[in-house]
Ligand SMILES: Cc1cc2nc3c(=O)[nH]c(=O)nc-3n(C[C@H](O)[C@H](O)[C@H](O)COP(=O)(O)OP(=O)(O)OC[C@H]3O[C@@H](n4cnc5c(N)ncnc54)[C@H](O)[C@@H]3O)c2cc1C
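A lone chain, given as structure tokens: the form predicted alone.
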Amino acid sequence: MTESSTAPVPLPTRAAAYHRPARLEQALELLAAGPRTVLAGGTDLYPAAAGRPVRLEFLDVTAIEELRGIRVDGDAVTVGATTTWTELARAPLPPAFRALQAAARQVGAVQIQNAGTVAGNVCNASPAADGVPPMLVLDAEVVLRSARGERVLPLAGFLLGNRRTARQADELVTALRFPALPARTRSAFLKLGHRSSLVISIVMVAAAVETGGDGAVRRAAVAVGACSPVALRLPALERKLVGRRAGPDLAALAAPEDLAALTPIDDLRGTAAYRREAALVLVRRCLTEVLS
């Protein structure tokens, strides 16, 4: 045996520190003491570090039981930060959550759905995060905790741009809250990609519509993702729908000017022009589904 063959194999660079507290208070104390990289499912963090030494202060929150689980109070729903997409997809939730559960079944492969967390998808703040458009149409709120206290932000105010959020360095997202929606609320989610899952979305659309006993639309919410730095609601289109009698023909009200706020880009998955046209088609299809 040669000398070189007995030399030790170099190990990957270890993180500067790794913490895995069992209680939320411990995690908040660690964040208050200095910046940490929060680790939950790791489905975004690990690929981003592939092939490079990792020198981070990790705060693994997967052992904190109070961050996991889904609580339903009436029709109001609270989803713990480390709840996985698989858990969300299988939960017995009100009909309004059909769009979010449909998105949960398309967040990567089954292995990703088993590990990836709901809050991680939000905190990663990707323009193509599948969970964000359904959360927007359900008026989601982000619950943040720190040693200083708790604050709650609407999801639209939490997401500031591509990979940017309003979370402070000493804060931890502990849950996503969804207000009670009327029983006659229905929702749908559509995603355009080269496959139904395992791909980054080219365009995705979520819609939620509440109808009254007279059949008229009382509330409408439509959001488009992967066509701007953050997913956006379409308020002009929503106003068009309210007050009209529900039916699949209402989908034709969606017009190019309703999507004027979108700023799609050219990339390997599609051109800006293609995205804009596809977004309009998916908006109409999504509305047809929820209004039928």
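Each residue number is its position in the shown sequence, starting from 1. Everything numeric here is computed off the predicted structure, so don't read it as measured data.
Unshown form predicted together with the ligand; subsequent notes refer to it.
Here is the short version: of A128, A91, L192, L153, the single residue with a heavy atom within 4.5 Å of the ligand in the model of the complex is A128.
Though the ligand is absent from this view, in the model of the complex it lies within 4.5 Å of a heavy atom of just one residue from A246, A40, A223, C227, which is A40.
Contact annotation: L232 falls outside 4.5 Å of the ligand in the model of the complex, judged by heavy atom distances. The closest heavy atom approach of A102 to the ligand in the model of the complex falls outside 4.5 Å. The shortest heavy atom separation between P256 and the ligand in the model of the complex exceeds 4.5 Å.
The closest heavy atom approach of V217 to the ligand in the model of the complex falls outside 4.5 Å. The stretch in contact with the ligand in the model of the complex, judged by heavy atoms within 4.5 Å, is 109 to 117, chosen from 91 to 99, 209 to 217, 180 to 188, 109 to 117.
Residues are counted as partner-facing when one of their heavy atoms sits within 4.5 Å of the ligand in the model of the complex; in 69 to 88 these are A81, W85, in sequence order.
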